[in-house]
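There is one chain below, alone, in structure tokens, taken in the form predicted alone.
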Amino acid sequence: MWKLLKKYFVFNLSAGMEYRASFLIQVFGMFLNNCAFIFFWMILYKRIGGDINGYGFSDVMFLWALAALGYGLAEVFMGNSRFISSIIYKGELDVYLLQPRAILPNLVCSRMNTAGWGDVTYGIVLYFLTQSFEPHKVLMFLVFSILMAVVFTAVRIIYHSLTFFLGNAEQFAGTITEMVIMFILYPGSIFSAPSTWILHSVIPAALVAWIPAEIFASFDLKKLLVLLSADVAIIILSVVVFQAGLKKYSSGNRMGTRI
């Protein structure tokens, strides 16, 4: 399976680089788009003259760096997760069922969104411009970014898998995952109950960004273990929901395979 995933990555990257000008424009365009928000936060903090509910400028930049790198990794390595609903209701899942490999990782890793490289680059650059260079801090940032990529993909899988049961949940799944990204870009302390209950569960912004940011600022082993347990639970839930939905899948009777 790992050899297959490696070949997917090399093939998708080669395909993206086939038109280098287009590839570089997408990457640079995404990087430039993200950079514009730095100035917004700089101006905001300059006018406020302090922090926002305990979040300083550096803390918000950590959220942005984490979100960019985590989201970028998800798009680069698991870019097909955003198309699961479309693949299901069009009957295109048959292609993956024909292959002698685990269906879910094969499905989500078979496509790359080249614009995700812009987010990856932005996240790394932003971190080293605004955060500590201490090795353990860098390691935590990378680990939390990878966890975010995996959990974010798991959330996509859960909501897109509802298409098995509802017929087409593409719009709903897209809205939920966009809301995850939207909320994690703002300080978690500005939200209060009952909205925080939703942001810890249905839209797990706290799990992918706010709690990692707290651990990054002040390491807490107990909180880290709780975070890891919650992440594992979401990943397992995504597999369970997808497998349950797969039992309801009806073939699209489409002639096709992949070599």
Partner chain sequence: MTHLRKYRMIFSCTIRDQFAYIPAYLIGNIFFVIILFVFFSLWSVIYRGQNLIAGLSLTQTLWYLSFTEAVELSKARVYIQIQEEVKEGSIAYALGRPYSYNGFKVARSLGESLVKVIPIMLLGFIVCFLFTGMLPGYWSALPFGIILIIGGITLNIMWGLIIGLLAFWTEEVTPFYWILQKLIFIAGGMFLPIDFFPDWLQTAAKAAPFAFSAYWPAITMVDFSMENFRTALFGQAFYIAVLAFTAYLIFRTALKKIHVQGG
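Residue numbers count along the first chain shown, from 1. What you see is a predicted model, and the numbers here were worked out from it, not measured in a lab.
The same protein has a further form, the form predicted together with its partner chain, not shown here; the description that follows concerns it.
Visitor: Looking at 65 to 73, 213 to 221, 188 to 196, 230 to 238, which lies within 4.5 angstroms of its partner chain in the predicted complex, counting heavy atoms?
Guide: Contact criterion met by 188 to 196 only.
Visitor: Exactly one residue in Ile146, Leu139, Leu129, Met182 has a non-hydrogen atom within 4.5 Å of its partner chain in the predicted complex; which is it?
Guide: By the 4.5 Å heavy-atom cutoff, the listed residue in contact is Met182.
Visitor: Hey, in the predicted complex, does Gly56 get a heavy atom within 4.5 angstroms of its partner chain?
Guide: No.
Visitor: With heavy atoms only and a cut-off of 4.5 Å, decide whether Ile48 touches its partner chain in the predicted complex.
Guide: Ile48: contacts its partner chain in the predicted complex.
Visitor: Verify the contact flag for Met30: yes if a non-hydrogen atom of it lies within 4.5 Å of a non-hydrogen atom of its partner chain in the predicted complex, no if not.
Guide: Yes, Met30 is a contact residue.
Visitor: Any of the heavy atoms of Ile43 lying within 4.5 Å of its partner chain in the predicted complex?
Guide: Within the cut-off, so yes.
Visitor: Decide yes or no: are Phe37, Gln171 and Thr175 jointly within 4.5 Å of its partner chain in the predicted complex, with each residue judged by its heavy atoms?
Guide: Checking in the predicted complex: Phe37, Gln171 and Thr175 are all within 4.5 Å of its partner chain.
Visitor: Would you mind checking 122 to 154 for residues with a heavy atom within 4.5 Å of its partner chain in the predicted complex?
Guide: Going through 122 to 154 in order - heavy atoms within 4.5 Å of its partner chain in the predicted complex - there are no hits.
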